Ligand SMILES: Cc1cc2nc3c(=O)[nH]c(=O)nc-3n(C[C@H](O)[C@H](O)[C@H](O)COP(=O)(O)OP(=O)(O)OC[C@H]3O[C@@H](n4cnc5c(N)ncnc54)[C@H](O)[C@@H]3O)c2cc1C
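Take a look at this single chain in C-alpha cells; it is the form predicted on its own.
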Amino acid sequence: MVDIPYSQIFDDIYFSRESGIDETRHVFLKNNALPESWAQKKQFTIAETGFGTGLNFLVAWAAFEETASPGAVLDYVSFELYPLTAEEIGAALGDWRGAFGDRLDRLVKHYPLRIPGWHRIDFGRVRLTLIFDDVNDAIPRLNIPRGVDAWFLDGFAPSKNPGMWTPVLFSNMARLSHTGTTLASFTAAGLVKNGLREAGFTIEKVRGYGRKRDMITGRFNGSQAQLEPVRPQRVAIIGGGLAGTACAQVLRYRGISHTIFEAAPALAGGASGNPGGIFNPRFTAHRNAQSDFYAGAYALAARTLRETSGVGFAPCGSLHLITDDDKRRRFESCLETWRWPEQHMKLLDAAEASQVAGISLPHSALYLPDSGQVSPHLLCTNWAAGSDVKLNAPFSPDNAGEYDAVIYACAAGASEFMPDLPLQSVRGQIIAAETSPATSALKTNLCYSGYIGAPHEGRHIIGSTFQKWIATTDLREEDNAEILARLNEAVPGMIPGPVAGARAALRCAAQDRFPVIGAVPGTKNSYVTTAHGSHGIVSSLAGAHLIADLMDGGVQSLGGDTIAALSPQRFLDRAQRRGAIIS
C-alpha cells in the first residue's frame, strides 16, 4: 500500500488513493493522445501546472524514452509554488521505483535547491525546467518559441486552490499554444471549463479515473502555427574561458557539433585561469529580473559543481560578514524579498557565525551553506573535454560562413565583433597564502570587501583587487599588501602564512555591471556571452543554457524579463530612448 502524501496547505492528497501512477497514465497520457502524439516529432513540449511529487513527469519521461523516435527530445516545464524536498519525493514515489528504472533516483539526485525561480535539469533526451513560483506570476514570463504540444493541468482542485485557476493562466496557455495543442485535467469544474473556452480551447468532458466520474480534455482552436526553428549542426565558440567552455559543455550534452577557437596557447588564459575561486549569487535588496538570474544561476552552479569531479570543488559554504549598517539593511531586505528558506540562506549573529566558521568573528553574517570553492582553470578543462579545441587560433569573421551559428564568448574581445557593446576591463589580483595558526581552523569562506577561502590543500585563496584604471596584469606587491590589510580590517588578527603566489587578470564587465547574454542584434545565428565580471563561475553555465535554448526554440530556462535584461539589445534600446543613434 502506497503511503499517499498529503498537503497541509491545501488539505488534500497529491494523487489518487487507488493508484497515482495509473491515474497519471489515464488522465494525462491517454487523454493527451500520448505516446501517439510524439511518435513522429523530433521535439515535444509538455507544460504542467503543478509539479508536486514529480509523478507526472516521471511517468511521461519513462513513456517518452520507451516510445519516442530515436534522437527525439522531450522539453518538460512545470510550475510549483510549494516544492517538496528531494527526500519527500523519494519517499512518496519509492514504491514505484521499479516502474521508473533509475529515473526516480536521478530526479532526487539532481533536484535543485528549493529557492524561488527557474531551474534547469538536463537528463539527456529529456530536459526539465522547474519553476518554483506562483504560476500566475511566472507563466506570463515563460517563452517557448516552438510552443507547447500538451498541457498537464494538474494542481489541487479549484475548491482547494482557487488562486491557481485564473484568467491569467488560461490566457497564457493560449499564448503558448499552437494549432493542435492538447490539454487534459483531472478537474471538470465549471470555472476551469469556461475559462479555457474563453481563452480559445475546445473542451470535452470525459470519464475520469477511478471513483472520479468526470475530467476534461481539450484542444486549442486558434490559428497559431507551430514554429520549428532550424537547429544548428556546427557551432563556432569564440573564447576558451568559463563562458566559452560552458557553452561547449551544454552543446556537447545536446549533441551539437562545435569548435572552440582560443587565441591564446591554452584554455582559460584570462580571468578564468585563476587556480581557485568562490561562488555566490550577486545580492540585491529586492527581487527583480537581475536577482532572478543570479539566484537560478547560483542554484545551477551549486548542483552542477557538486556533481563534477576533478575541478577542486569544496562545499564549504560562505559567510558574508555584516561590517556596516548599509550591508545589514541590504541583506535583511534580500532575505525578505528573495524568500529563500533558511536551509539555503540565513542571518547569523556573531556567535553563530563564529561557530560555523570555526574561528572567532567580530561580525554577524549572512550564511550560504550551499556555496563553496572551485578551480575555474580546472572547470574550463573539464567543460571543454571532448570538444574540438583550436588553440593559438584567433577567429576571423571570414570563417563564420563555415558554421551554422557563432557564439562570441571572448570577454572584452567581443568588442572586436560588436564595437557598440559598452564593455570594460577590470583588473583583479588574488594571492595564494599558506595557512597559519590563526587561519587553519577556518571551515568556510569569508566575504567582506574582499574574501578569503577556507583552507584547501594547505592554502587560502585571498582576493581581490578591483581596478578599472589599470590595464596591465603585471603583479604588484602593493596589491598583495592591500588584500591582506582588508582581511585584517574585517577580522582583526587573522593573519595567514606566507604568500605562496599571486595572479592578476582582467575581468570583463558591462557598463551596467550585468552580463551580456543573448542573440546579437541585427544578425542571424550569432550569440554573445560576456561581461560575467567577478561572478563568472555562477553566471557562465546559466548563460550557456540560455544560448542553447535560443538556438533550438524550446523552453527557455529564464523568464522573459530576465532574458531581456541580459540581452545586448538593451544597450540599443537605452540609446534609442536617449535619442542617440547607434550604427
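Numbering starts at 1 and follows the sequence shown. Everything numeric here is computed off the predicted structure, so don't read it as measured data.
The following text describes the form predicted together with the ligand, which does not appear among the structures shown.
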Can any non-hydrogen atom of C247 be found within 4.5 angstroms of the ligand in the model of the complex?
-> no
Answer yes if any heavy atom of E262 is within 4.5 Å of a heavy atom of the ligand in the model of the complex; otherwise answer no.
-> yes
Decide whether A505 counts as a contact residue for the ligand in the model of the complex under a heavy atom distance cut-off of 4.5 Å.
-> yes
Considering only heavy atoms, tell me if L379 and the ligand come within 4.5 Å of each other in the model of the complex.
-> no
Checking L34, I537, V516, A544 against the ligand in the model of the complex, the residue with a non-hydrogen atom inside 4.5 angstroms turns out to be I537
Exactly one of E88, D512, D95, E416 has a non-hydrogen atom within 4.5 Å of the ligand in the model of the complex; which residue is it?
-> E416
With a 4.5 Å heavy atom cut-off to the ligand in the model of the complex, the contacting stretch among 249-257, 277-285, 100-108, 489-497 is 277-285
Tell me whether L29, A150 and T182, taken together, all sit within 4.5 Å of the ligand in the model of the complex, counting heavy atoms only.
-> no
Taking heavy atoms and a 4.5 Å limit, what residues of 393-431 are near the ligand in the model of the complex?
-> A393, P394, F395, A409, C410, A411, G413, E416, F417, G428, Q429, I430
